[in-house]
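Structure 1 and structure 2 below are the same protein chain in two forms, each given by itself as structure tokens.
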Structure 1
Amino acid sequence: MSTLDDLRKIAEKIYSDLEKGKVPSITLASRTKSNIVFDDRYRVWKYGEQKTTRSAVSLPGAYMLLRTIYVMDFIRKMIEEGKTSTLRELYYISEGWGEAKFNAQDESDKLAEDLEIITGRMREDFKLRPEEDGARVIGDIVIEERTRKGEKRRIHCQDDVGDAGYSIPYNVEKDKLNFVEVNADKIIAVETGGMFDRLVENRFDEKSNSILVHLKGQPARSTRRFIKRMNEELNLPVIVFTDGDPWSYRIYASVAYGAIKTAHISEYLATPSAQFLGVTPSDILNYDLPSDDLNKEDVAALQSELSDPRFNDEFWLEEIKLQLEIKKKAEQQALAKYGLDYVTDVYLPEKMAEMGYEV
């Protein structure tokens, strides 16, 4: 069944309710925190069994139904015309929808997510994309991308790109992007731009035969999906390299297990086999890294991670407890204490060796 058919089904449900003289409604998974459960099989976070009903009995429910229909109609037109729009454009376009108009962009963003939940499809299928620009990739891999003109282009992510690397597009599904050839044997996902650039300048992609991916803080959906596809289709292990603070551990968790906001599509986005390299609290001690004191929020975040099932294993429990003890955090770039090459000559090779990789 096509995306259009799935959307059409919503309209048909509403229509048939009205025909039968019933108050129209749609049922979908409840998006509250209490309805987020850990899926042990996939090792990702997903929505649980709780359902919620959007019914025209109340004004907000009725608005939601009306807007759903308008958004559906808008998506149908985009699919027919081969266009896409950003979530922001969707919000502005609704200006012309009379009563169905959105009052704020988070309303339209949320509705797009609701549609994903109802249809079990992804936003990309609806031709909707976020504004955020894609993260960057450098490494020995050849990608085939379908351009705007409809032609297929092959890009070697070392030879055909500048130092900024290959930019991940918002749609990384098979209709848009495929992997043609790969010689690298692992993926290193890097949190900060500064460290990514350092690794690129030091040619660590070549030296370690890795594909370097810049996460840009909390990674966008397309970045996570891109990593997941490389992991699954090319069988490449994923290593995550971030700062040494509780927020960075959550970045790792969203790559590995999925984030709460996108729990309905965790199995598309999360790479459960991704491994955390550092910076760990032990690294702060072992490498005697320049560090900052933990602030109140840091401590609270660490404490909440102690009871977070995503971190419920020996490694994380030990590291988090250690960090609470030493009350310190360190940035990736603190490694520069020992010189610009230290991270690529000493730190990464040592850490990767510990994890069983040869560099």
Structure 2
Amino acid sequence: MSTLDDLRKIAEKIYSDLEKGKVPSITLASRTKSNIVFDDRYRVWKYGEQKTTRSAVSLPGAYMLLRTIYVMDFIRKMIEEGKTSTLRELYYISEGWGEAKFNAQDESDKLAEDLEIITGRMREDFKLRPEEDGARVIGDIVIEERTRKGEKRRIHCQDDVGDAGYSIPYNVEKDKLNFVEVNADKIIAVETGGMFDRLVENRFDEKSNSILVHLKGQPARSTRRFIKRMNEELNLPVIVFTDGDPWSYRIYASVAYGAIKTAHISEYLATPSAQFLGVTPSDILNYDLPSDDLNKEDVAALQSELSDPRFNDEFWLEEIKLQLEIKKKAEQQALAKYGLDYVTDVYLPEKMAEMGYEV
């Protein structure tokens, strides 16, 4: 069944309700933390059986269904015409939809996600793309990418790129991008641009025989999909190197287990075998790192993570409780206290040795 067929089923359901004199409605998985369950098949966290209904019984609900029809028709036109749109463009295009226009982009973004949940499709299938740039990659891997003209070109992500590396496109599926050759034996996903640049400058991709991927903070879906594909197709282990704060732990969790916002497509984005190497509360003490005091938001986030199923194991519970006890957080670049080369000469080799990797 095609993407258009899946969207047509939604429209037919709304039409059928109206034809029968019923209040039209659509049903989808409840997008709440309480509805996150572990999927044994894919080893990721996904939405469970709890459902929510969007109905025209209220005026806001009626507007939502009207916008749903307009968005689906917009997607239909893009698919038939071979075009794409950014999420931002979708929001502005709705200005011409009269009563169906969105009041804010957050509304149109969430509706696109609702359609993903209902259809089981990804927004790339809807020809919708994000605004953010792709993450950067440096490492001994050859990628074959289809150009705008439909031609295939090969890029070696060390020899054919500058210090900025190879930029991951928004669409990383096999019809656009493939891995031709790889000589690296692991992937290191790095949270911050400053630390990514430090590892590149120190040639840590060569020293550790790794593919370095800049996550750019909370990683884009294309970045997570790219990492997952390398992990599965090339059999490369994934190590996630982040700051030592609750928000960075969630960055790791989104790579390994999926984010709550995208739990409906976790099996396409998450890499359950990914390992955490980030700065831990124990590291703050053991390496005597410069640190900052936790603020109220940090404390609340850590307390929330104690009940987050993605952190429900001995390692995370001990580290989170320790952080609440010492009331400190630290950045990756705090390691510069010991010099610019310390992170690649001492810290990462030591931490990776503990995980069973030789550098």
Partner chain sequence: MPIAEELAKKQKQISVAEFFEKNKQILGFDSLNRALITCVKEAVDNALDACEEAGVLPDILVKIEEVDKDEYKITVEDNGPGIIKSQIPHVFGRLLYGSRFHSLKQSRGQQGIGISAAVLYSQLTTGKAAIITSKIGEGFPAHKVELIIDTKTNYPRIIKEEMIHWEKKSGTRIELFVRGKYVKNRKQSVYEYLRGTAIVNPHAHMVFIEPDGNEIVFERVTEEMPSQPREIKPHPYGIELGTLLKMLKETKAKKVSSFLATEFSSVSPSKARDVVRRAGIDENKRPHEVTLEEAKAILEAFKGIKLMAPPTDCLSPIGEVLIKRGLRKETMQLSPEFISTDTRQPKVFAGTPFMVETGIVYGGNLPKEERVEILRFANRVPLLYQEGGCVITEAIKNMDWRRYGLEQKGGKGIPYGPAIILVHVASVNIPFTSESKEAIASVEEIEKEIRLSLQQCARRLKTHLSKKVKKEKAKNKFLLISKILPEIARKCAEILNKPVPPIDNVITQIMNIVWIDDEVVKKDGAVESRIRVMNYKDKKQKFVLYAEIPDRKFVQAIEPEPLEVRDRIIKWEVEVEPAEKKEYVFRMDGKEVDFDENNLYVLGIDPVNVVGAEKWEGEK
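Note that the coordinates shown come from a computational prediction; the quantities given were computed from them, not determined experimentally. By convention here, residues take numbers in order along the sequence of structure 1, the first being 1. If you superpose the two forms and keep the largest set of C-alpha atoms that fall within 1.5 Å, you have the rigid core.
Each of the two structures shows the same chain on its own, and it is structure 2 that derives from the form predicted alone. When the rigid core is held fixed, the Cα atom of Val142 travels less than 2 angstroms between structures 1 and 2. A displacement of 2 angstroms or greater separates the C-alpha positions of Ser25 between structures 1 and 2, with the rigid core held in common. After superposition on the rigid core, the Cα of Glu314 moves by less than 2 Å between structures 1 and 2. Relative to the superposed core, Thr68 has its Cα moved 4.3 Å between structures 1 and 2. Look at Met78: with the core superposed, its C-alpha moves 3.3 Å between structures 1 and 2.
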